[in-house]
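In structure tokens, one chain follows: the form predicted alone.
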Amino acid sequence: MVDFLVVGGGIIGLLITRKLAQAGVSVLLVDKQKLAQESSWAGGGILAPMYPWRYPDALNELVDWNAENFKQLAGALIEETGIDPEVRLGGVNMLDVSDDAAAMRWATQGVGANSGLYRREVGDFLGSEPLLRGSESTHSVLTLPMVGNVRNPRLLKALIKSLRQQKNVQILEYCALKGFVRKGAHVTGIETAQGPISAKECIVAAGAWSGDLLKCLEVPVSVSPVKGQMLLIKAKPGLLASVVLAQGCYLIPRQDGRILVGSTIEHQGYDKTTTHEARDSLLNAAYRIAPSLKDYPVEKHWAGLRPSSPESIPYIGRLEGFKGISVCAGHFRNGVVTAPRSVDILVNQLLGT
């Protein structure tokens, strides 16, 4: 029997496993398929909520507004695995925000005061981002200067390699959860197609599937899938220095010059089919922001399923009414940026630290 069994191999499950392993306990990480193939892989990796003043404070309190701290995690993973998650500190620039007055009020109080949000001179911004010259007129710019972005697939690859090096970590892929083993209100393990697995504590961190997995316990954890489609444009290094939000989409630069364009919000259940309509919509928005992107080809088009929850506030902690089971799910569009603090809260609770 292991000390902890983690269900779900996305960013949340991987970081929970890592933190528990670092505390010296035994951990089994289980996923219904290969690790890190769902929302965490599919997302853009912006290290802040988009338009954060539109979210509840409870969500923003899970955000570390200084991407340098995320870069420390990346540095540790580089040392352990040789894989660079590519954390960039170029900031986030939001163009022509309709509720900029609300944004500036948020920036002066409470959680917002930690964000560093400010109004930027349009000429200064365009001078630093030549790719956007010639775009539809930009009248205002709001900047989150300390925010960066991370290359999700590389971060996940580094975390997986790090965990495989830990003697107190076991990984079981292609093992679907069928239910929970329990004695009354005490959950003592999980049921799988390969048979039961016992653990002192089970943790459900299965992203968009978490709500359905917990239905058999008759616990109302309202987590459900919301599809998002994204594009990858094969551009060249140096074209874009920062993350840009405008025209209902965002552009995210990667170290090798590629630029991500995202993303749609679609309530289509567990369907991850990509569509021509979404591709055209995203491209048209990107071209309005940066017309010269038309000179570069679309390299990839994919979809992922975000784990939505009421008001985008995740469920973190022990499952009410039960012993031996906890949940960390429902991070919607902010799984990567809120993962470290979400995991700290849960693991500290589980270990009593």
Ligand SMILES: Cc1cc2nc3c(=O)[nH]c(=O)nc-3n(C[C@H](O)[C@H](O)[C@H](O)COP(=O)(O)OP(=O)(O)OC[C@H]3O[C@@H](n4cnc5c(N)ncnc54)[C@H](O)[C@@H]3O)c2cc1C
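Position 1 is the first residue in the sequence shown; the rest follow in order. What you see is a predicted model; the values in this text were computed from it and never measured.
In what follows, reference is made to the form predicted together with the ligand, a form of this protein that is not presented.
Contact with the ligand in the predicted complex, defined as any heavy atom within 4.5 Å, is confined among 91-99, 222-230, 121-129, 180-188 to 222-230. Interface residue remark: G304 is counted as part of the site for the ligand in the predicted complex, having a heavy atom within 4.5 Å. The shortest heavy atom separation between R333 and the ligand in the predicted complex is within 4.5 Å. The ligand is not shown here, but in the predicted complex it comes within 4.5 Å of a heavy atom of G44. Taking non-hydrogen atoms only, A206 approaches the ligand to within 4.5 angstroms in the predicted complex. For the candidate set C175, L283, A241, L73, a heavy atom within 4.5 Å of the ligand in the predicted complex is found for exactly one residue, namely C175. Between the options V327, V30, A67, A290, the residue in contact with the ligand in the predicted complex by a heavy atom within 4.5 angstroms is V30.
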